[in-house]
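Given as structure tokens, the chain that follows is alone and in the form predicted on its own.
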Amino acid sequence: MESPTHSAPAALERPDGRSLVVVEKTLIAASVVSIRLRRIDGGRLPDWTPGAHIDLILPNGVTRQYSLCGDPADSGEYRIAVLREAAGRGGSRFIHDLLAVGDRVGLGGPRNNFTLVPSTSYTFISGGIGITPILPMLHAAEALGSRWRLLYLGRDLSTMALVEELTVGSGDVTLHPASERGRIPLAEWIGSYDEATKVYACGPARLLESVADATRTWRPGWVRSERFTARTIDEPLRATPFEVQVFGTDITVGVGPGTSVAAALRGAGIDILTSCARGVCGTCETTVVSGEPDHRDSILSDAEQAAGDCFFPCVSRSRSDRIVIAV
């Protein structure tokens, strides 16, 4: 499945580790393409672990984040799977309609906000394209000798990508296409709290909210989820201006309502790299030295937010009069 080749920006032509070439593009399910990427010079790619994602800088200048779903041991190739989202912001449509084998793309990351921690038992839940970060986790769980089970939900079997790769060993795989089986009693499938089992979920917001509801009384940190879209956030806890100090410098900026911390810092000459600007990708993560953050991201768990030691300046704000961050 290819489109006519188009010219890429000059920045994407550099033969370095941040410039990749598309070596394969394959339709693997209805509205899902698999993209394989290698360095232009054939060199080694940055290492990654299950749950990681990359920033893909497309030839039209748009940057989007996609989970890696290949083999972490393969240092020469990255693989992603992209769902065409007609109502999205245009990145997936570009990839489906215009990106072709031989095209150059830029690379950011990889980064991992969805790290698989060692456990003797895992429950994995994925909805639709949410299978992409889960697939490498299945292989990792198998390599650890852990018990695992997977629930893979989709509208129809034809829309469910990577199904043929899910029989990776001793795990129990449940495929649940809604067109054939209707809605699943999710809380019943998840079952009761088990201190030996970690839960990892990725998929649409409604699915993740249902998982959260079913596990609300569980021990903090036992359920991890990754969102592809930002969660709905209430108004900031603070309606008045606050100050942000950059640790180790004499730079302090005021941040008023309607201005992001990242924008205020850029105005003071501090280069803050952002990508999604929605608190989803983790590109702009900084360290909190002192002060009380108002977390407004869709990355941190409740326990991580309570720790108050990191901050995403694209969306997060301060509850205190001053917050000090290290950039």
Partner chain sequence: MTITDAHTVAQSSDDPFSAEILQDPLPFQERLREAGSVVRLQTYGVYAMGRYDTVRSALLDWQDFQSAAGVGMTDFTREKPWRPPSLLLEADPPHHDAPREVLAKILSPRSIRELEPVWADDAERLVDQLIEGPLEFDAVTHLAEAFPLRVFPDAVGLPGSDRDHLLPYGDHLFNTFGPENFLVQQGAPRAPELSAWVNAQCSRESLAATGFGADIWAATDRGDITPAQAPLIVRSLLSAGVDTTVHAIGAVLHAFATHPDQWRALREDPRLARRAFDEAIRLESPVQTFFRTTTRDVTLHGTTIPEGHKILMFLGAANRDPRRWERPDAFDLTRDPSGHVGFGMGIHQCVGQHVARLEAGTLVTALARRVKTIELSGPPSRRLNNTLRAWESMPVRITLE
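Numbering follows the first chain given and starts at 1. Each form is matched to the other, and the largest set of C-alpha atoms that superpose within 1.5 Å is called the rigid core. Here the structure is a predicted model, which means the values were calculated and not measured.
One more form of this protein, predicted in complex with its partner chain, exists but is not displayed; see below.
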Heavy atom within 4.5 Å of its partner chain in the model of the complex - the one residue of 282, 291, 70, 59 that qualifies = 282
query = Out of 121, 174, 115, 252, which one falls within 4.5 Å of its partner chain in the model of the complex, going by heavy atoms?
reply = 115
query = its partner chain in the model of the complex: within 4.5 Å of a heavy atom of each of 44, 275 and 304?
reply = yes
message = residue 309 versus its partner chain, in the model of the complex: is there a non-hydrogen atom within 4.5 Å?
response = yes
task = Flag residue 38 as yes or no: does it have a non-hydrogen atom within 4.5 angstroms of any non-hydrogen atom of its partner chain in the model of the complex?
result = no
task = Report whether the minimum heavy atom distance between residue 49 and its partner chain in the model of the complex is within 4.5 Å.
result = yes
query = Would residue 179 count as touching its partner chain in the model of the complex under a 4.5 Å heavy atom rule?
reply = no
query = Want to guess which of 217-225, 147-155, 85-93, 102-110 is within 4.5 Å of its partner chain in the model of the complex, heavy atoms only?
reply = 217-225
inquiry  = For a quick check, can you give me the residues of 132-170 that have a heavy atom within 4.5 Å of its partner chain in the model of the complex?
reply    = 140, 143, 144
ask   = 2 Å or more on the CA of residue 59 between this form and the one not shown, with the rigid core superposed, yes or no?
value = no
message = Rigid core superposed, CA of residue 246 - does it shift 2 Å or more between this form and the one not shown?
response = yes
note = Taking the shown form as reference, the Cα pair residue 278 and residue 105 shifts by 3 Å or more in the model of the complex and sits closer
request  = Quick one: in the model of the complex, is the Cα gap between residue 312 and residue 126 smaller or bigger than here? Answer closer or farther; it shifts by 3 Å or more.
outcome  = farther
